[in-house]
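The structure tokens that follow cover one protein chain in two forms, given apart as structure 1 and structure 2.
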Structure 1
Amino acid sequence: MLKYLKEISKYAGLIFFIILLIMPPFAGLNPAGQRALAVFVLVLSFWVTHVLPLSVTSLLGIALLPLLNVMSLEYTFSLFGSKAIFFILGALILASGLYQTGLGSRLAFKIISFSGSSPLKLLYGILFTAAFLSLIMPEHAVAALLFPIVLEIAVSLDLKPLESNYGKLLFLTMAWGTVIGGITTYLGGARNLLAVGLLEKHYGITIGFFEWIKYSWPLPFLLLIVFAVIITKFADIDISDTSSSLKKLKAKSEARGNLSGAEKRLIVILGLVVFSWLFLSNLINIAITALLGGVLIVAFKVVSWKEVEEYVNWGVILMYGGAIVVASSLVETGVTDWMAARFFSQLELAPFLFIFLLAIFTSILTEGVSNIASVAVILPLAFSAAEAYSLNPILLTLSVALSGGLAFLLPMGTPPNAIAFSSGYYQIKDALKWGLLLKVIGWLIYILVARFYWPLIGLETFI
């Protein structure tokens, strides 16, 4: 009986899809929006239940949107050309250079040598390295840099994709370390700067770089501690030591001898890319820099294009691209505006409960819609709805931006998750297991920070 119920539940999204298509549009939602919502429900359910491969599900979503007259064919296909897609593509090409030349192996040896033979210390090293780097550069750029190093460690330990619990933990730790660190400063995520820009536009109020850190730091700091405790106490680490990896990586490094010409060229190219990500991102978008870096490593014969083709997980590009197209259809047809307006307008709550539910709504929405889109849609509506409560707009801005960064569940939630998922070492259900716990704990930490810490440093709830 349970087996049949499980099979039926896999197709629940298809049932809701059909229902949404045949029923009249919800009040305030146009017919195109209703159909876009139906496609989103179907695609999201298929992603979670694995009825089809993720990339195939994304292609299904792209095909259904023009077929159901949600958006025109040309516009639907043009949305696949998102800068996030090309950033991930460029980042994976760069990662192939680190992996194929062996430079990633050298870096992996340096990282793993500090952990000795302890699998737990190695996870700590990856977690805190990812979080720290995300303080000074975009979180997806950090994931792009660490990915080939973590992959090298997994390969050297002979960890089997989808089978090894430790293999799953390595990539989830890398992804979530960058996500947690990325909410701390302006440099970690574009949504933070967008939120501050909207605040300045609406109220003429600005939040400085270090002022943002003063407000934000308790959330990522406590989340890192919580995640470290989860790894220590509850995670099933199925290897006893990492000394075999240390020996293999050391032998590889010694066998290669001095840096090869390809490695030296790669170091120069990566140095230029990272420099641009850190200091020139206002002039050159990081996606352009990633693509140019990918072009340069092939042009200067760091790797061949055949090696790139063998390394890059093209299915993840299709999956993430389809996710962006489907999510964009919700924005374009007004579904996100409708959801946010319905959510806010139907509630008559105590002010603090309103703020908390605002954070939850943003955090949930950002798993299916990019966090930048979530902030862009929700924050202006929150400003309007909060006028009745006389809430501090700085507090609202922080609530939306910080909670919008808590994307731990789905690969399409944020580029670090997509990059980690491209490893093939874990499935969505593996991320849901600990990711949902992290998200809930993140909400609880947010409540404590908003209720006790922010008033303590002078950020009052009301204006």
Structure 2
Amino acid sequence: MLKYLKEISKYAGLIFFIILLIMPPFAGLNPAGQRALAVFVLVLSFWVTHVLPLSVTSLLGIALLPLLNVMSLEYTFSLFGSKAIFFILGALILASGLYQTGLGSRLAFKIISFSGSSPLKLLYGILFTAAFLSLIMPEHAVAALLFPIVLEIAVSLDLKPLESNYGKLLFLTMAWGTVIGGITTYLGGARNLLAVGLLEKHYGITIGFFEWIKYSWPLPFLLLIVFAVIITKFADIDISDTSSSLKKLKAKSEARGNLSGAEKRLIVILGLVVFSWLFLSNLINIAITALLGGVLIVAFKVVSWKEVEEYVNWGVILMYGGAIVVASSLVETGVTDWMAARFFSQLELAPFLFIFLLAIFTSILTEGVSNIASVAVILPLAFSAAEAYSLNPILLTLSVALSGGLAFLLPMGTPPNAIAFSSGYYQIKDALKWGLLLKVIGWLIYILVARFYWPLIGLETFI
């Protein structure tokens, strides 16, 4: 079904692109705006259908905008150099240190091996380890780091793929722990920063590192508790003892010995970076801190540049840069204003209902397409609505970014799900069963947070 939908979207994108280019501009929209809209539709359909790799689609968008005379060449390229991009760059280099030095997996072993010998406690251990690590490094890196550990647990407990219920729970818990934890900070999911980058380009408003956590924390915190309760009350755990796997984990953890010099240096650098993000962000921009942190870990030989390159996929920078350029073209050419006047002001929806529907739509889209792509395509449209309804753009940014991160159902939504699914221990229907429940609870928590918590800390619905 999804496959056919993607095929249709691919051709529909191309057809609409051509139609929009050759037809006269819509009433109220200038010719450059119409061409920007055409590029946006094409890029959107390619991001959703994966006709090309995500980053290559971004390059296509960047190339088409000056080619079609939507924006000048210099201006288009200059949009690429946003703070968000450089923050992501620095954060990825820092995360490479956690991955390559083994400090990340040392932390994971330590936390999980404290979890006790009961199957339930081991699941809690994996859940909270995954969520905690996703506060300080990208969620997909956490899933990759935890994956061999969880596989080892499954093997040592002699759990059979697709037959053991506990095996299913182990991998789902690992994936969903990272997904839930990943929405909390800028480091867990760079899409959060992409959303803030778009906010800054459109409105000149920025959200600091600590400020983001202040807004986001209730959602992951409550979701984690709810998920832990679901496991405790409803999960069918078909083994009674996990002490054998715990012994192995402890032995592996001890075999690592003391912290290496590189790990110690990394701890100091990370401490300084996080301190600066939390307390000095008014003096030193978080992007500069991230870059300096990246420089320090290479300068102090925590990792070599070659190791950084093995870890970092530079395609991510092209993807984010392209998303910012394409989305900015919609604002620059007046497409967002036109959409606000033409569509969103005509909708007779209560503003809060609109925000809720937007969050639901984003969280559904993110199951089928990359969560970066879903934020990149929905947020510019949401900003149009912000103007029509006089909604607070910060609230819309949070709504799209947080909902865009909560992909629980399908492996194509987010790398942690794909990694967990590659274990072969569960089928998609297993993820659907619990993931749907978690999704609905996520929506309910989101409503409570948006309705009561955000106004309480001064984030008003309207401007």
Partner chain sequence: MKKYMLILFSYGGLKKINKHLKKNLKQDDQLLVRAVMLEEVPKLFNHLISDVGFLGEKVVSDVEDSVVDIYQDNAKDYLAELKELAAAMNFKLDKKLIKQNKAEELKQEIKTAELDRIFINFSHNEFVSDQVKEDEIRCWLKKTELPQDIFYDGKKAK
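Remember, it's a predicted structure, so these values are computed and weren't measured experimentally. Here, a residue number simply tells you its place in the sequence of structure 1, counted from 1. If you superpose the two forms and keep the largest set of C-alpha atoms that fall within 1.5 Å, you have the rigid core.
Looking for the form predicted in complex with its partner chain among these two structures; is it 1 or 2? If we ask which form is the one predicted in complex with its partner chain, the answer is structure 2.
After superposition on the rigid core, does the Cα atom of G424 shift by at least 2 Å between the two structures? G424: C-alpha displaced by less than 2 Å between the two structures.
Using a superposition on the rigid core, decide whether the Cα position of L436 changes by 2 angstroms or more between the two structures. After core superposition, the C-alpha of L436 moves less than 2 Å between the two structures.
Establish whether a shift of 2 Å or more occurs at the C-alpha of F80 between the two structures, with the two forms superposed on the rigid core. Shift at F80: 2 Å or more after core fit.
Looking at P53, what is the CA displacement between the two structures after core superposition, in angstrom? Comparing the two forms, P53 shifts 21.9 Å at C-alpha.
Quote the shift of the Cα of S245 between the two structures to one decimal place in Å, the two forms being superposed on the rigid core. Comparing the two forms, S245 shifts 2.9 Å at C-alpha.
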